[in-house]
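Only one chain comes next, encoded as structure tokens, the form predicted on its own.
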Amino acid sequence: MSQKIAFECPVYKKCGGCQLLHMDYQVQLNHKKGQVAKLLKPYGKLEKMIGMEQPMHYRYKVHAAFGRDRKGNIISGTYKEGTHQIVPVENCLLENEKADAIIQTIRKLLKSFKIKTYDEDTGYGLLRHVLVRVGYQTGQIMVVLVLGSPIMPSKNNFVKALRMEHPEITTVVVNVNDKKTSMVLGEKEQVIYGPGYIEDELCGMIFKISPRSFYQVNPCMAQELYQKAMEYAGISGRETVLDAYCGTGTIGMVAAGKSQKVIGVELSKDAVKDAIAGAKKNKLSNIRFYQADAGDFMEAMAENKERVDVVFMDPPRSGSSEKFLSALVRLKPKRVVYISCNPETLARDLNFLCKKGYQMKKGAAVDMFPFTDDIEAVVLLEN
């Protein structure tokens, strides 16, 4: 794992997508572990940092903005940090190589099909963005063409030409975003080739991924993270498990195979819909999903004196609210497995929980996003 980067990215200083490319990978891991260990020192010690064997090209969801340079040439790439200025990218060291190759082909095809790129200032032009999602285990590929208006000339011939170069593409979707917004995807969609979604396998479960579905960007390390979370949960088969902030139900579904009963709670209606479909797809009969605020849901469970043995929680970057944490303390699960994408809010929430009788037993930092400042962590708390 101590490989050095033998070459530099030509847009490293311009793009802002990765901050640690200049650093040897083992040094990065030590640096990240040190940051988490320092924050969590008052509560417990960390195990060995979990890093990637091959820390390149790990992003299986790739987004490219399209536009033109000053000479009028078609460009695609990423927005410069904090701006809407496109930094042209040919090959990214973090992105899936097949996805990058597809984006390059689309750039070439635009000229021959006389498709204009969208201009944010004038509102003219058609193609705004391209989103490519690749199945880590299945190899299925979805291409989403984000257009400024619903009419795409010669769309069938365009798909045919694209698939001539990349026959691995399994579905193509047109997404219409006709608003002046920084959001990439709009509300309207039209499937122009294939089923409109791809499937992938994670921790032995099948997941359906449509253009707007949440799915881990780095599925390789997501498996490592979830396996560590399951190890910490210590499920023996008799437990009732609550998956709070469950999203599309990934952790809950993985836990369902080992538990007596799993309850998933999520505020997003679309995510709950995906979670229910996923449980059905994986033939899981011992899991139920509810659309609700997780704090309110746990409060009601505590009121009704319902028992929960293990709680998985995976809050947003801002961490948990005091209301949620108070409801968790009231519910009194034996074990809490806290998955965090922000060690600072994790430390803040541990401070609250440890004052209320919980103790941090184990913890590990996981490198979900090599060459960037982002760090994921998982912690076991016991009552």
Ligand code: SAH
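For every residue, the number given is its place in the sequence shown, counted from 1. What you are looking at is a predicted structure, and each value in this text was computed from that prediction instead of being measured.
Below, we refer to the form predicted together with the ligand, which is not included among the displayed structures.
Checking E231, E120, E189, D293 for any heavy atom within 4.5 Å of the ligand in the predicted complex turns up a single hit: D293. The single contact residue among A275, V146, I251, V134, judged by any heavy atom lying within 4.5 Å of the ligand in the predicted complex, is I251.
Only one segment in the set 280-288, 147-155, 260-268, 69-77 has residues whose heavy atoms sit within 4.5 Å of the ligand in the predicted complex; it is 260-268. Using a 4.5 angstroms limit between non-hydrogen atoms, G51 is distant from the ligand in the predicted complex.
Remark: V241 does not count among the residues lining the ligand in the predicted complex, judged by a heavy atom distance of 4.5 Å or less.
The shortest heavy atom separation between G357 and the ligand in the predicted complex exceeds 4.5 Å. Although the partner is absent from this view, Y197 stays clear of the ligand in the predicted complex, with no non-hydrogen atom inside 4.5 angstroms.
Residues Y245, C246, G247, T250, I251 are the ones in 234-254 with at least one heavy atom within 4.5 Å of the ligand in the predicted complex, listed in sequence order.
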